[in-house]
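Let's start with one chain on its own, the form predicted on its own, as structure tokens.
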Amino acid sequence: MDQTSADPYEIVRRAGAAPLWQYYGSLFAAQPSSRAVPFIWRYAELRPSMLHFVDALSLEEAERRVLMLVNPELREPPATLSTLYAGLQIIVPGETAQAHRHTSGAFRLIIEGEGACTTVDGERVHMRPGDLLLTPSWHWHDHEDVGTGPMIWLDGLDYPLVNLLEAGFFEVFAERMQPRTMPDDISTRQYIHGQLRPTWETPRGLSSPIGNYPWSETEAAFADIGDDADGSAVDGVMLEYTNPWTGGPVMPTIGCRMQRLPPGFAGVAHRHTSNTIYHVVRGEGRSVVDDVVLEWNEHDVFAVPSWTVHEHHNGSGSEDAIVFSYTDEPVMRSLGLYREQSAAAGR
């Protein structure tokens, strides 16, 4: 081939290279720009569909009866935000879900129902509304409903991040349900007492050893704080679920928080380089995300992509709004990539 007459760019392309100067602006943007968009999933619209599939689809057909909350710009593969996933799962009395494990970290925030439980690495953990149940990376887990009605919960996972890093593994347990090798709820009963830790236990892995952070404890914490703390001008009175061994996030890839927005709360707008998914435990209000107004009610879920300017407002003048959130902030901080900015600093 006579390279003197060939297109120099074509020669470079065929050699498996590319000129940096043609991509410089897209590779090194002035600031982050997420593919995901602000979006809200309304529980009142999705709950009837979940109940429909209880009758229309057995667990043998579906295995996990889950409605994935898919961002309009992240459909293939489906994700809620670029690094995080949310789904609504339902299980009804008498049903069990196959035990399995995966490298993705996961949790369950219980929305409604009573009487179901999950077994995580041999420990059966009971579910109640408002409870936060952890399934850390590579822990065996299965579910069963021994109550009298359906259980519905919010699933949160980091599989979009794990898959992006090409580090995902998945394995099915040899039996449908794993054997219970530990007393029920033992991790919660051992670790839930504030700053008191059992001395005979040692850290195992990077995630919190607590199977269930019960709503009763979270509610008591908010009650004890009362109106004596102003909290944050951005997030109100926000509490973080922590790993008792490190004081840090519950999992190395996911941080979980619960916040109370007092009546009439109008949050200061800000942004940060972490993705965040919110679930409304109680109350009503709105969040403005890059000028998109998301009006939310009880049990709705909404997504705030990285580096979008957002602010939260409690729509009631007399009642608190309680909002759960989870974020990839632990990843951003561990990599030295976390940054936040108030809206007053400019866009």
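Bear in mind the structure is a predicted one, so any value in this text is a computation, not a measurement. Sequential numbering from 1, following the sequence displayed.
Absent from the display: the form predicted together with a small molecule. The rest refers to it.
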Exercise. With the partner left out of view, is residue 155 within 4.5 angstroms of the small molecule in the model of the complex by any non-hydrogen atom?
Worked result: yes
Does any heavy atom of residue 128 come within 4.5 Å of a heavy atom of the small molecule in the model of the complex?
no
* Asked: Are any of the heavy atoms in residue 66 no more than 4.5 Å from a heavy atom of the small molecule in the model of the complex?
  -> yes
Although the partner isn't part of this model, could you tell me whether residue 89 comes within 4.5 Å of the small molecule in the model of the complex, counting any heavy atom of the residue?
yes
Only one of 186 to 194, 136 to 144, 173 to 181, 248 to 256 sits within 4.5 Å of the small molecule in the model of the complex by heavy atom distance, namely 136 to 144
